[in-house]
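Below: one protein chain in two forms, given as structure tokens, structure 1 then structure 2.
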Structure 1
Amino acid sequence: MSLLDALPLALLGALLGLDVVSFPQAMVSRPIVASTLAGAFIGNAGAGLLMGAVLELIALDTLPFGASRYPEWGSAAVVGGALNAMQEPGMGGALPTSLLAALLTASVSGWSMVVLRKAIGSQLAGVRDDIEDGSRRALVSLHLTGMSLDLLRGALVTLTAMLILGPLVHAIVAVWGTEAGLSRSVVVVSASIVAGGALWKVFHSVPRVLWFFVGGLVISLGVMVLR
């Protein structure tokens, strides 16, 4: 992938990375949205949606509470959706390899958010006296710098990931040695276990939660049998 090809995706990654925390937190950065948009950018929204659904299941495990550290899914979903959409149709390795690329990106991008927050903290230390003196200029400048750096962070993460992981994923998919059906099944089992564990973590204290879940399961199985 050339730099020119990766730039539009980097812009998308920047905007969606910004949405995660800084502005406007409308959850356009959720994997099921971000990955689908990235796939549509490449011209294959369906492949992006497939990756988005898998990543959304895994992202259910992430609760962005307060100052906790967590993977950043906005830029990562752009990378995963775009890479999956770029592979030839029917290639068994496309989904698992693109998923691995997205998970690696999410991890690095989460770390980059920590670096950004420390950088803003350092900048705050430099203008603290001005802000304590009620300087509007210092406060607005700090705030806009933080948002601009976050935008830049998302762009750099997406661009770097696409330039490094793009050729790597393509090469791995070409020599993939596991049957396509089994490859998808491994992905789905992994994602659904993470999702199930996450939902249990979040909702286990809700009264009669298992009964509600089993009720839903019965409805679902009924629908599947009738189809």
Structure 2
Amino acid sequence: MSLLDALPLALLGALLGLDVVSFPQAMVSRPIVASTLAGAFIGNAGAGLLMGAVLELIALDTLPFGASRYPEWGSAAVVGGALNAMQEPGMGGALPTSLLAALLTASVSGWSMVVLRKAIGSQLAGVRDDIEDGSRRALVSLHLTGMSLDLLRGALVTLTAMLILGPLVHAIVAVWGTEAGLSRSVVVVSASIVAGGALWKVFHSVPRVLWFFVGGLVISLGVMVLR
């Protein structure tokens, strides 16, 4: 992938990375949405949707609360969805290698969010007195700077991942020996196990949530049968 080809994806990764925390937190950065959009950019929304579903199962184990450290799924989902959509149909290694690229990107991007928070904290220290005095200008400037840096962070992470991991994924897929059906089955089962573990923890930590889950599942199945 050339730099020019990667720029639209970098812009998409920047916008979705911004949605994770900074603005507007509209949930468009969820993997199933972000990967599908990335696949559509490439011209294969179905491949992006498949990657998004797998990443969504894995992301269920992430609880982005407070100052906790966690993978950044917005930009990473763009990388995973785009890479999976770029591979030739029926290639066995497309999904597992694209998933690995997405997970690596999520880890690096999560680290970049920590660096960004420290940078914003340093800037806050310089204008703390003005904010405590009620300066609207200082507060707006701090917010805009933080969002601008987050936008740039998402773009750089996505662009770097596409330029470095894109050729690597293509090379691995070209020599992958396992058939597509088996490779996809292993990926989906592994992701489902991660999601099952996440649900198990929630069921044991939140009172009565299991009954709400079962009730919702029964209602959903009932609606499907009636239709």
Partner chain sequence: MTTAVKPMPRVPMLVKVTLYLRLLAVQGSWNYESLMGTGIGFTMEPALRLLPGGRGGAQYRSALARQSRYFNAHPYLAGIAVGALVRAELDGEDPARIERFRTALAGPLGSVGDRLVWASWLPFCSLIALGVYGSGGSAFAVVGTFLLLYNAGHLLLRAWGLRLGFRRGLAVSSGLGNPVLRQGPQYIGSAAALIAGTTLPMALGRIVGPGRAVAGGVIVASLIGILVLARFREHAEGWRIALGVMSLFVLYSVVR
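If you're wondering where the values come from, they're calculated on a predicted model, not measured in any experiment. By rigid core we mean the largest C-alpha set that fits within 1.5 Å across both forms. All residue numbers here refer to structure 1's sequence, counted from 1.
Between the two isolated copies of the chain, the form predicted in complex with its partner chain corresponds to structure 1. Shown in the overlay between structure 1 and structure 2, fitted on the rigid core, is a CA shift at P207 of 2 Å or greater. Once the rigid core is overlaid between structure 1 and structure 2, S122 does not reach a Cα shift of 2 Å, moving by less than that.
The two rigid parts differ in orientation between structure 1 and structure 2, with the smaller turned by 25° against the larger.
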